[in-house]
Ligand SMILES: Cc1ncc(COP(=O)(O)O)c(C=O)c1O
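We begin with a single chain expressed as structure tokens, specifically the form predicted alone.
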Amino acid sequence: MPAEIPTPISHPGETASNDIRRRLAKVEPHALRTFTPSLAVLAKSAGSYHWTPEGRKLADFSSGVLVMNLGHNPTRWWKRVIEYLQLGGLKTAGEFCEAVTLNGYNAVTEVETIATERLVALMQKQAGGKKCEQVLWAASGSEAIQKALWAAMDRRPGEQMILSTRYGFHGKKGLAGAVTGSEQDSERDSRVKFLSFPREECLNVARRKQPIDLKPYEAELNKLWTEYGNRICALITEPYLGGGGSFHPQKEYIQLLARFCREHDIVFIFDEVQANFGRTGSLFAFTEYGVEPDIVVLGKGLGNGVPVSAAVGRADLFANMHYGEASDTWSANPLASAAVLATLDEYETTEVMGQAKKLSAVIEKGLLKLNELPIVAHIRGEGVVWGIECAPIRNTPADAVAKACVEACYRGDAEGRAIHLLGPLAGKVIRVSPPLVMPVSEAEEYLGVMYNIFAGVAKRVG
């Protein structure tokens, strides 16, 4: 039976935005985007803000989707991207410019080589080891996950089973989709077995600070090893459950998984597509969690808006793949390589991480104040990525409360201060993840705006 086509989203007083939404709904299926009740139409963006076609200003508390760590359209970053592409200045030859090719399929460019060398060098320095030896480039997070899993599965004949932590999100394509979610999801790959993730143990900030009992998780791992043994080729997890509701585990849990892989010679894959480049408090989350994976998967903030991702890991793992087995049209394209280099420049020459640390403290303080409201059940997070779990109130379920909060923030307060948020994660969790460069004073102001708006929602639905 065909799915019911939803009525295009519209908002009062948004003539231009509503027209754009209606036009797009005629020529683009709604399945292309994740549901967000505001469905903001963005005319332009700068720093930590968006503007609608009507000129309304929205404070961006989503960073796209944890992509714009350096903010929207940073001038210095854009100049560097262009410089890396032009390699010394724009020259014209008739109707065409002499610049680096934008697609070098089955060819090599120097900008790709430099980007790869610098990323490897940076990650080896951060890890304090040598496992980050080579880069498998891709264009999206799910593609890089798939390539990492292919490398693990090609390692030894007959080793095809993958362990994945339950309720994670690694993508929607192929094997990336197979290791996402849990056993209850449809079209599950029989080679994938799921592990328990300590959601109860990290339900909120206070619970995460308490010691975790690892014995049940150790027993589960040992049982799987007894049952499947050497058929297990890889274990994949992420620093925190992003799409699964913003659950940030104790470091000891992640260290247990890494130790299990090391003891049984299993490839340990760490998916930090959402967490890399400062989100969790360190440049790379694996250093924050005290582990050294065999393959680290990067994306989102890696290109600050330009589509690029990477699986960075051991050369011996990637060596088992033959020509063409990890290639595609856009991997390591010069535009993406230039964006990576510009991103690396920013982190190496500015105080992005110092600013992120200050911003993290402000966000934590502001969000914990929301616990005073009856519509908020839990606050959890780290660094500059947090989740607000909404609570049901009277006859209004938690999912509906979360939706109402996102819509109310989009409409803004009496002074016209509005906040752009993503659609609720796992139904009832609202993610808060502004650019790392958002000024502290502005973050404080808009967290206050958020509190008052949430309080208004609580009064209205309660």
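Values in this document were obtained by computation on a predicted structure and should not be read as measured data. Residue numbers here begin at 1 and follow the sequence given.
The following text describes the form predicted together with the ligand, which does not appear among the structures shown.
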Inset, instruction - Taking 4.5 Å between heavy atoms as the contact cutoff, choose which of 231, 156, 173, 251 touches the ligand in the model of the complex. - result: 173
Inset, instruction - May I ask you to choose, among 115, 269, 273, 390, the residue with a heavy atom within 4.5 Å of the ligand in the model of the complex? - result: 273
Inset, instruction - Report yes if any heavy atom of residue 238 sits within 4.5 Å of a heavy atom of the ligand in the model of the complex; otherwise report no. - result: yes
Legend entry - Contact label in the model of the complex: residue 147 to the ligand, heavy atom within 4.5 Å: no
Inset, instruction - Report whether the minimum heavy atom distance between residue 142 and the ligand in the model of the complex is within 4.5 Å. - result: yes
Inset, instruction - Indicate whether the ligand has at least one heavy atom within 4.5 Å of a heavy atom of residue 260 in the model of the complex. - result: no
Inset, instruction - Could you tell me which stretch in 337-345, 116-124, 133-141, 355-363 has residues with non-hydrogen atoms within 4.5 Å of the ligand in the model of the complex? - result: 133-141
Legend entry - Residues within stretch 38-74 having a non-hydrogen atom within 4.5 Å of the ligand in the model of the complex: none
